[in-house]
Ligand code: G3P
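One chain comes next, on its own, written as C-alpha cells: the form predicted alone.
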Amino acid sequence: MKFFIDTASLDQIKEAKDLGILDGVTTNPSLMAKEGISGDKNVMEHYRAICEIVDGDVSAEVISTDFKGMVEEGERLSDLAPNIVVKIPMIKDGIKAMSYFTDRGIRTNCTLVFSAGQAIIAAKAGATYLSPFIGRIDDISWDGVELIKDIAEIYAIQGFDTQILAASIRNAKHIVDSARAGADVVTCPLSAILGLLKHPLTDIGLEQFLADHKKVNELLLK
C-alpha cells in the first residue's frame, strides 16, 4: 500500500519524505488556503515546488465544475510536471472530463466519492485513482472502511485498474483498517502517519532497556 500525505505544507511534505516512506501527495483548495496560497499563479508555483520535493504522484485539484473549465485547468496542471495527477470531482461533467483525459493519456484522481456506484462509474471513465472519503462517511454514522471493502471487491471482480485511494483519513487506525480493507493508497495528514509509530509498550520497553543499560554501565564503573 502506498502512503500519500494530504497537505500543501512544504515542511510537512519534507518531514514525511525524510521518513523514507512517502509515495506521493494530495492537495485541495482548502489545504492551499490553509497555507496562505491564493491566486492562480501562486498556486501553480506551489504545485511546482511540491513536485520538486516529491518523486511520486501529486494530485492537483481543479476548481471548475463545468467540463470546459475542468479540461482547461487540467491541461495546464498536467503540463506543470510529469508526476501531476489531475484531481476531478465526482460530478457529471467530472466524469466527462475524466474520460477526456483518459483518452489523452492524462492521469486523474476522482475525488469526493461516497458510494460504490460512484466508484464504478469513475473506473469506467478511466480514473487512475479513486478517493472515497472514509472519515466524512463515518461522520454521518455510516462505515467508511466498509465502503473501501465493497469497492475493492467490485474492482477485483470486474478487473478495473483504478487504484483505491482512501481519503479523509483521521487517525492511525483508519490507515490500518484501510490496508486491511484493500486500499491501494492512503492519503493522510502527517499526524496520522506518525501515529502509526506510537504504542505504550514500545515506550515502556525502550525506557526499561535504557534503564538496564545505565545500571550495567554504573556497575562497570564501580
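Computed from a prediction, not measured in an experiment: that's the story for all the values here. One rule holds for the numbers: they count along the sequence shown, beginning at 1.
One more form of this protein should be noted, the form predicted together with the ligand, which is absent from this view; the next part is about it.
Proximity to the ligand in the model of the complex, defined as a heavy atom within 4.5 Å, holds among L190, A181, L31, M44 only for L31. Proximity to the ligand in the model of the complex, defined as a heavy atom within 4.5 Å, singles out one entry of R104, R136, K92, R76, which is R136. Partner contact region in the model of the complex: 163-171, out of 48-56, 34-42, 163-171, 64-72, criterion any non-hydrogen atom within 4.5 Å of the ligand. Residues of 80-110 that come within 4.5 Å of the ligand in the model of the complex, judged by any heavy atom, reduce to K87 alone.
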